[in-house]
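One chain follows as structure tokens, the form predicted alone.
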């Protein structure tokens, strides 16, 4: 058995020792989509962020998925590298996986259906899982459509399995969930970043397009958090073919929201949600 190395070179993997040597010889190989280990080694560390504070650094292929459980106060930056990424995000409390993102409450409590800076992402228990604290892609997010499905992608593109070139968002989220000990029934509707949707006066959902290359959004974890991300084409994307590009993820130790932040007191309902979160954590000795 041989392994093609390109340019006419082939390495034998016929024996266990040869296979081991071949694998070890690829240790320094870099590809477009990969995690950076340790995170401080990321060549794309956000400007102004001490690389030593990074706890997660990865480029997720398009299509692709990733997942992590992070501490309260972790700041997570998602960046659309080429303008073709779409980050479908699901959140769970790491304290109780039964508490998870509720898209209806995320729209209802702030009296705002469109995601942007200062927007809280709420659970069905009236607590804030995360807050959008920075956004350079305003107007290009979606909390209505969710993700593509296996059947839908099979009908539109010919395939939708997780490892297909036209993977469905739900299939990718199922893999991410499984690796965090979650089951299909634990997946609620997601929110999507970098591809915009608006509601027309007629009630129809209208595609508003992509945010563009380099657009980014920052979330801060308001409690210990499990985050699942599928980078896959948006269900309403009108492109003739499947469109998905690389998504860059960096997370670093920062601070959770505080009463001095403008979004904490933007409305009485938001204040209550943050106070609910604070009480929930204080009772567990988390500050």
Partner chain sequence: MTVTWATHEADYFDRSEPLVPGAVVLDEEIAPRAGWSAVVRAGHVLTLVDVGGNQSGDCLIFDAADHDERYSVQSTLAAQRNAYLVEGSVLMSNEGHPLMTIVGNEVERQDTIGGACSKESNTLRYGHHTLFHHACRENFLLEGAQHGLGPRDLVSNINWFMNVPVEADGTLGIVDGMSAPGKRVALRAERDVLVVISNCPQVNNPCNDFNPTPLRVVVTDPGVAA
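Since this is a predicted model, take the numbers as computed values, not measurements. Positions refer to the first chain, counted from 1.
One more form of this protein exists, namely the form predicted together with the partner chain; it is left out here, but the text below deals with it.
Contact check for residue 184: a heavy atom falls within 4.5 Å of the partner chain in the model of the complex.
The closest non-hydrogen atom of residue 24 lies beyond 4.5 Å of the partner chain in the model of the complex.
In the model of the complex, none of the heavy atoms of residue 216 sits within 4.5 Å of a heavy atom of the partner chain. Contact between residue 74 and the partner chain in the model of the complex is not found at the 4.5 Å heavy atom cutoff. For the candidate set 95, 81, 103, 159, a heavy atom within 4.5 Å of the partner chain in the model of the complex is found for exactly one residue, namely 103. Residue in contact with the partner chain in the model of the complex (any heavy atom within 4.5 Å), chosen from 117, 208, 166, 107: 107. Of the candidate stretches 55-63, 247-255, 28-36, 234-242, only 234-242 has residues whose heavy atoms lie within 4.5 Å of the partner chain in the model of the complex. The three marked residues, 69, 175 and 287, fail to reach the partner chain in the model of the complex, with no heavy atom of any inside 4.5 Å.
Residues are counted as partner-facing when one of their heavy atoms sits within 4.5 Å of the partner chain in the model of the complex; in 160-182 these are 170, 171, in sequence order.
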